[in-house]
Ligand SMILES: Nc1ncnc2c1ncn2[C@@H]1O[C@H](COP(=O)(O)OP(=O)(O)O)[C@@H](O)[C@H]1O
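Quick setup: one chain, the form predicted alone, written in structure tokens, and binding and motion questions come after.
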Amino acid sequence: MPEPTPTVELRGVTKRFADFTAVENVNLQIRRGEFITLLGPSGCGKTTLLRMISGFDTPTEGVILLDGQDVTALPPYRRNVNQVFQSYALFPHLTVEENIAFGLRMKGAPRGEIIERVRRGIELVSLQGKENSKPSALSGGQKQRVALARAIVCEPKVLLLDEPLSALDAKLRHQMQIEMKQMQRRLGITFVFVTHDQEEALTMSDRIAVVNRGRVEQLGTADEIYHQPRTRFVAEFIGQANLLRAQVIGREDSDVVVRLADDITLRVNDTNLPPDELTALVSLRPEKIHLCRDAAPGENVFAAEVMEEIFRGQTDQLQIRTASGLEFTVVVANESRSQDAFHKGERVFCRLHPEDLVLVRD
């Protein structure tokens, strides 16, 4: 059975501004009805990608398709997409109801249809009772809901969201993340979401495209991006990672055997390392290091000392160091009131599972 036509497809898309390349040769397919996030640091090109999908910027090279139709040269009003901005862009002199109806009126929709769609939009974002309020009387979260409703009532095939939650406080932001994901599932509209917040991307996304220096470094589910990073940048940008330079000393089936300092030998369950590579960069998440007080050193087991312990609420972060100076960050469940907790100055043994170690490109 053939794959369905992507709702959005970018083929070899590049965008240059004078001598600066903001986006370089991006190929990306966005599936119908998925929540995809463009994640990366400021200036990496993610907003430029969004603006090219919306039509506010035109690619220097490449093609953009919506439902298989080439829209590269079409202006925004001729694309069935809508965008929600970081600033909300509400009209201060219009009521909530009037703001939500604005796009429909610009399209010339019949009055009865406008009334019904606006009513459904207000219910969808839980703003009943605020219909006649002006934006100045609304909270940040309520303004965000108005901006969402205004975009959704126009029934776009694709909704583009450029850091729309960044102005909200942490508690409200978390609440809106959950509400937006639930809303997207109910509507079935394709959401393309831009953020620099890793936790936000992991919470909301069906898939994440990690963007760095104008290129998509990795595309995958939240689980794949977090547990199987393919590059140093992805490993470091998504959460915390211990990155270890190692020598390749053997290969056995799907395993690679590497050696660190202190003659620490690690077996890594990974088949992505080219056969002629003699060195490797190993990524290890802090919560994947298992500590114990008694063990026999050997493959994937080594001794270290706890150099620092940091309380982080539900978890403790430990800094440990081997005899030769290799340092690791370890995250463990908070047991500060328990006799089982690990403390500064204590000698520990570290156990690593081969499937928790990942070889990444430098």
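So that there is no doubt, residue numbering starts at 1 and follows the sequence shown. Just so it is clear, the structure is predicted and the values come from calculations on it, not from any experiment.
Absent from the display: the form predicted together with this ligand. The rest refers to it.
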| property | result |
| --- | --- |
| Residue 44: touches this ligand in the predicted complex, heavy atom cutoff 4.5 angstroms | yes |
| is_contact(residue 22, this ligand) in the predicted complex, heavy atom dist at most 4.5 Å | yes |
| Stretch in contact in the predicted complex with this ligand, which is absent here, among 313 to 321, 58 to 66, 45 to 53, 291 to 299 (heavy atoms within 4.5 Å) | 45 to 53 |
